[in-house]
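Quick setup: one chain, the form predicted alone, written in structure tokens, and binding and motion questions come after.
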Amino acid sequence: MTALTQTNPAGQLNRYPPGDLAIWIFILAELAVFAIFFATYAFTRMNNVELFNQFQQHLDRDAALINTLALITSSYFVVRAVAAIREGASQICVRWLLAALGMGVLFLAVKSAEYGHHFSAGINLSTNSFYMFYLSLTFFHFMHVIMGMVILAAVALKARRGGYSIEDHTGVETGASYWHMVDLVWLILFPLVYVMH
């Protein structure tokens, strides 16, 4: 599959959308699944407002805010990695990707601590409809974070071995595009599940 291309002022070729076009089809499919999940959550919430408001108060918003900042920061690091490889700076690209992975590890650690707290309190998918949605939505996203980290790690490894250049860095842009999708989904999930009443 091919993407539209355009030459920037520096004479380099930019692809639109960036990365492999196949990843964008995958991203759109993933976003459609999350959209259905979010719409179902919102519909169920409208019919159980008191229950959802009550148990929403038991969530750790500070942990969720830390995770929000971690993912936003990681997306910035990924942007820097793409900028570096577009200039042919493979090792700088690797450093930015490793920094992004560090933020991903922080996200997983904080979320795992949240899950540990809930499970130790006897909370599970059958506790009530709020926790069923909370655990399902956040765990589905959690698995996407892991997948995104695997992709970034593979990209970083290839970049470290000199597998990308100014002329050929589609893989970095592809991994970055997926990671930004993971971040975008959390930026919707966070206020929807943790904040909105």
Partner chain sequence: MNEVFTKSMARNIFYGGSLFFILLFLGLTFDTTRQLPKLDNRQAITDKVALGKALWEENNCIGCHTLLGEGAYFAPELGNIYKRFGNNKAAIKGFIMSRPKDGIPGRRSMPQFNFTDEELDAIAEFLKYSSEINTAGWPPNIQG
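Residue numbers count along the first chain shown, from 1. For clarity, every value in this text was computed on a predicted model and none was experimentally measured.
Just so you know, the form predicted together with the partner chain exists too; it's not on screen, but the next bit is about it.
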Heavy atoms within 4.5 Å of the partner chain in the predicted bound form: does L125 have any?
-> yes
**Message:** Check M147 for me: does it contact the partner chain in the predicted bound form (non-hydrogen atoms, 4.5 angstroms)?
**Reply:** yes
- Query: Are any of the heavy atoms in M143 no more than 4.5 Å from a heavy atom of the partner chain in the predicted bound form?
  - Reply: yes
